[in-house]
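First comes one chain, alone, set out as structure tokens in the form predicted alone.
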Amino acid sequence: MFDHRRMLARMDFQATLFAEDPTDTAPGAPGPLDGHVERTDLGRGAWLDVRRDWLAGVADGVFDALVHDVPWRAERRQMYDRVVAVPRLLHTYGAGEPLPHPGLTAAREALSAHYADELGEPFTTAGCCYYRDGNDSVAWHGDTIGRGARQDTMVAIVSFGDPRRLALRPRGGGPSTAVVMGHGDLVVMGGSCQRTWEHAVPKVAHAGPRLSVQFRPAGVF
């Protein structure tokens, strides 16, 4: 079992209390999405939405809840001829499972409502990743297990803690791009993005802890 207290003693991230968006409908609620999301057309049917400070009002509380209340696990996976440690901690909340902070539940509901016409179904699962420092990372990949391998879908990521770079590159070559995700920021990868692009969180020399929550529709991994 992962020892949260030991990790907390080593943390160098200091949560910053952001001023809430004055257009929020309630204190601590997710910020509005309509008119606040910046979309980038990546080409080949893929697009990227960014909404800065979306969960600013609850980001500190969500960060603490994720650290303390998620049953994090360390995994080992086969890599060619050897088994290696996965360079981050993981946990997934399946459909119907309660999330560790009400702000995340509100975020999932807001995403399902905002993208209902484009996605055609709600976000149901929440995959969580704990990047403990700059050595933790995720390699190039697309979420192409399940329905994401053969049809357009969406993956919505909310980030908490130290800023980290989400890098994206087209499959088969071409110009890459990146977005730095900060405390409470939202990034949504949509259209054909999982099939025609890959994404990664590269290692960096120095970084404090960063946690991400990836909301997905059913059957997308």
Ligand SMILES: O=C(O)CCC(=O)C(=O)O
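Bear in mind that the values here come from a model prediction, so they are computed numbers and not experimental data. So that there is no doubt, residue numbering starts at 1 and follows the sequence shown.
Note that the form predicted together with this ligand isn't included here; everything after this is about it.
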Q.
Check for me whether this ligand, as it appears in the predicted complex, comes within 4.5 angstroms of all of Y131, H199 and S212 - heavy atoms only.
A. yes
(Q) Heavy atoms within 4.5 Å of this ligand in the predicted complex: which stretch in 118-126, 135-143, 101-109, 68-76 meets that? (A) 135-143
**Q.** The unique member of A46, V188, A59, M181 whose heavy atoms fall within 4.5 Å of this ligand in the predicted complex
**A.** M181
Q | Contact assignment for this ligand in the predicted complex, among L168, M154, L42, I157, heavy atom within 4.5 Å | A | I157
